[in-house]
Ligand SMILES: O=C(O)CCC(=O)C(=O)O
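Here's a solo chain for you in structure tokens, the form predicted on its own.
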Amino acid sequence: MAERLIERPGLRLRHWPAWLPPARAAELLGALRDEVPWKQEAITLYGRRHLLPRLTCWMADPGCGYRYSGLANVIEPWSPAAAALRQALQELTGWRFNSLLLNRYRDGRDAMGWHADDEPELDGAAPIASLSLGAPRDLRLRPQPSPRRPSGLTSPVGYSMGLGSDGSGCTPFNLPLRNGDLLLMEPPTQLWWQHALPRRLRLQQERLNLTFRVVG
């Protein structure tokens, strides 16, 4: 379980490949598939209703509400498997995560578009811990096209906005995430970078992703 550090201007990731061994990861995937009250949310864009291309669930402590894409998530209680994972991550990172967004990608047609986890409810000083279970998928990362820079905050040294390659270390890149991998996205990553999960139409297997967060 060797830790891998990934750094770019404005980005810091800690990656533990196979943080969970295959047997434990498979057991956990099955438990979460059965325990979690999965639902397919819908958002409205330009007056039209669109189902999200994935199933989701928001687990959190009481009072830890969260909105994204105009959705106010219903707080579900912690399932036994999710609660045990939260305890393990607290021991590893020193952070007590009070909320969890679960995404279930049923096959390669399910996906996540470009975004940053920078909603006002989230504690900007806290990391986000992301656990992958099931089919391997590529996490795509790129510099923010238009960073929402707080007043008085200067860009990190070597950071360049936009999507072109200029030798600054801000070129978009893929991070393959496999079954049992753990990724810790540390500040100020969400301020300066976006991430996405592209479609893989030939992929038939499902993937679960759990992102543990701190709601301020």
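Numbering starts at 1 and follows the sequence shown. Everything numeric here is computed off the predicted structure, so don't read it as measured data.
Below, we turn to the form predicted in complex with the named molecule, even though it does not appear here.
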With the partner left out here, check for me: in the predicted complex, does some heavy atom of residue 177 sit within 4.5 Å of the named molecule?
yes
In the predicted complex, is there a heavy atom of the named molecule that lies within 4.5 Å of any heavy atom of residue 117, even though the partner is absent here?
yes
Is residue 103 close to the named molecule in the predicted complex, meaning a heavy atom pair under 4.5 Å apart or at it?
yes
4.5 Å heavy atom contact, residue 141 and the named molecule in the predicted complex:
no
Scan 135, 126, 112, 92 and let me know which has any heavy atom within 4.5 Å of the named molecule in the predicted complex.
112
Stretch 198-216 - residues with a heavy atom within 4.5 Å of the named molecule in the predicted complex
207, 209, 211, 213
